[in-house]
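Have a look below at one chain only, the form predicted alone, in structure tokens format.
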């Protein structure tokens, strides 16, 4: 099964955080990959995910932050 991906690159805060929060609530558990292009969005999504009990693995490549959230 493919990991669901939320591509929030190019979106301004707070939209990426809002979309991630919505998607995490929808999934309840499993794995979600989130693609972001700003450190502020990365920090906000990381905080939301941690507060909801998700584990975060972060990678960065050429200006894109890739967060893999697991619960």
Partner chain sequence: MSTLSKFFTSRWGPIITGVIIGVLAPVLVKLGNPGNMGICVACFTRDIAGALGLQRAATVQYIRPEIIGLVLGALVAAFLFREFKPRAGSAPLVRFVLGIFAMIGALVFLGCPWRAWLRLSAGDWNAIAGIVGLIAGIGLGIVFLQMGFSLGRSRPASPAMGWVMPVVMIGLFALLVLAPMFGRDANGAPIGPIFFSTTGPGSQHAPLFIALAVGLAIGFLAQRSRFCTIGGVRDLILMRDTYLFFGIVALVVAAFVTNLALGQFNPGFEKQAIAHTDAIWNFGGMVLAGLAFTLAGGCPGRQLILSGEGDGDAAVFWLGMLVGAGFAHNFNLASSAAGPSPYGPAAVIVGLVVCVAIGLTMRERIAQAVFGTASGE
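Numbering follows the first chain given and starts at 1. Since the model is a prediction, treat every value here as computed from it, not as a measurement.
Not on display, but discussed next: the form predicted together with its partner chain.
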| query | finding |
| --- | --- |
| 4.5 angstroms heavy atom contact with its partner chain in the predicted complex for residue 3 | yes |
| Any non-hydrogen atom of residue 29 within 4.5 angstroms of its partner chain in the predicted complex | no |
| Its partner chain contact at residue 49 in the predicted complex, heavy atom, 4.5 Å | no |
| In the predicted complex, residue 8 touching its partner chain (heavy atom, 4.5 Å) | yes |
| Sequence-ordered residues of 33-67 touching its partner chain in the predicted complex, heavy atom within 4.5 Å | 33, 37, 39, 40, 43, 47, 48, 63, 65, 66 |
